[in-house]
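Consider the single chain below, provided in structure tokens and representing the form predicted alone.
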Amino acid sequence: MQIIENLKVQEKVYVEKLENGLTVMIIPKKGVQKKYAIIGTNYGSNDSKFIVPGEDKETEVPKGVAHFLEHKMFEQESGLNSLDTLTALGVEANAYTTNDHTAYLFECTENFYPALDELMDYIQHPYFTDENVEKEKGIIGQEIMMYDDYPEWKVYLNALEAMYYEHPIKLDITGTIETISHINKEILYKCYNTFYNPSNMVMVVCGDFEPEKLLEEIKKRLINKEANGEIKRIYPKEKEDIVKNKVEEKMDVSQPLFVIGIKDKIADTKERVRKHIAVEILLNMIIGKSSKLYKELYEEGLLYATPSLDYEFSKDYAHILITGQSPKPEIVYEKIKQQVNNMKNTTIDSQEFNRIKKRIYGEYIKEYNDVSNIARMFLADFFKEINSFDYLEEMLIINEQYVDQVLKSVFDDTKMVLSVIKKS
């Protein structure tokens, strides 16, 4: 087993790539009662065009299959639902689908091994029939309609649609009622057999464990399955510019909601972590809780609370999102643009830079206090080809010159969009 250690948080990660291709990461936390296990596949809503290993022909499936598959994985041939079985064991279980991965998890203080039995069982034994697939269409259809009426989700999707021409990131993870109507059990089995191969998956377990003993227990629960070859994922060629700089919609909201988006270029693997940190520092300097601009907008009644600041990225997309509520989103948008341009024309404020850097570093350290945060972070970063410990290392060496370079290259007026939902 390979051991990766970080002395700053006094954590070790034991990593083993098994013969069948499954990567297992074990993060021991001595004396901690809570245990957390998560298994994920590098398969999300963006992956609807691909070439199956061993085939030459391109396969295209309807939008929303990854999420549909996540829903169906719990259903067993016995008629039982694995989620109910796990709940009966007294563990908290869940699953989720993102743009680039799907994950299944549970958290407990007791019954860890019986819960692990159930998790490993349903992940490795899918059960799809014409009847249960049809039934699920109705359930997911209701979920889609619910999200369509959800202003916070709509304002986010509209921002992505304003930024992206072709990339599937702009599409709803759940698909649409039209696209899911074309899903059948054959499509589900094809996607399961392609993407739920151990070589495309990772398992992360965090808690008070002896790594070698736990690894043996995981191996015991694996069915005989060989690693498959590389899955060729096909994404459309995306232009660098944005589709439009503003999109507005009317819905039932008490105050207008806004998302300010900035489309970014994909960073090289080596630069992803450093760039993410630089963007985080800059967003906090521009419109974070302690920024002058936030105080000014708050006092003028133009912002009611600190906007949420995100940098969403993977191997094939990257963008910034500033999300909040304001009676006049257009003014907030212009003020943020002004602030960015002012910062570009002056040098980075060293005192402010160091203060924000220290605070973010403290937040990174705090992530390691919780077994669920650690496990989810290592899983998501693994699919981005990142080692989560790199954030702690890069944070110490990042400097003002690099942050200034990111400010000038990423925070580009011509790549900015404003998505607004106003009161109908």
Partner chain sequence: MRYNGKEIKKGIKLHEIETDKFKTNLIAIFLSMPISKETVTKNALISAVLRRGSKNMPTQEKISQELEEMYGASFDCGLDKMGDNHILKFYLESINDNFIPQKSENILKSGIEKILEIVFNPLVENDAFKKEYVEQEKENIKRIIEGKSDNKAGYALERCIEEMYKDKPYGLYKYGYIEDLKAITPKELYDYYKLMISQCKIDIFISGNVKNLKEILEKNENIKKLQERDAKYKINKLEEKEDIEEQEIIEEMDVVQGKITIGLDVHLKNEEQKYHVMLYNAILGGTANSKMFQEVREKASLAYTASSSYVKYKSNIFIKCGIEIKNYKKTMEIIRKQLEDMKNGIFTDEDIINAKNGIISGIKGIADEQDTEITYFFGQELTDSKTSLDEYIKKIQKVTKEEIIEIAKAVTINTIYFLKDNKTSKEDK
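If you're wondering where the values come from, they're calculated on a predicted model, not measured in any experiment. Numbering follows the first chain given and starts at 1.
The next section is about a form of this same protein that is not shown, the form predicted in complex with the partner chain.
Exercise: residue 124 in contact with the partner chain in the predicted complex, heavy atom 4.5 Å: Heavy-atom contact with the partner chain at 4.5 Å: absent for residue 124.
In the predicted complex, residue 32 touching the partner chain (heavy atom, 4.5 Å): So residue 32 counts as contacting the partner chain.
Interface membership of residue 11, the partner chain in the predicted complex, 4.5 Å heavy atom rule: Contact with the partner chain, yes.
Partner proximity in the predicted complex: residue 369 to the partner chain, non-hydrogen atom cutoff 4.5 Å: Residue 369: yes, in contact with the partner chain in the predicted complex.
Selected contact from 339, 199, 325, 245, since only one has a non-hydrogen atom within 4.5 angstroms of the partner chain in the predicted complex: Selected residue: 325.
Proximity to the partner chain in the predicted complex, single hit among 295, 270, 182, 219 (heavy atom within 4.5 Å): Result of the distance check: 295.
Options 270 to 278, 135 to 143, 330 to 338, 224 to 232; stretch whose heavy atom lies within 4.5 Å of the partner chain in the predicted complex: That would be 135 to 143.
Sequence-ordered residues of 341 to 362 touching the partner chain in the predicted complex, heavy atom within 4.5 Å: Residues within 4.5 Å: 355, 356, 358, 359, 361, 362.
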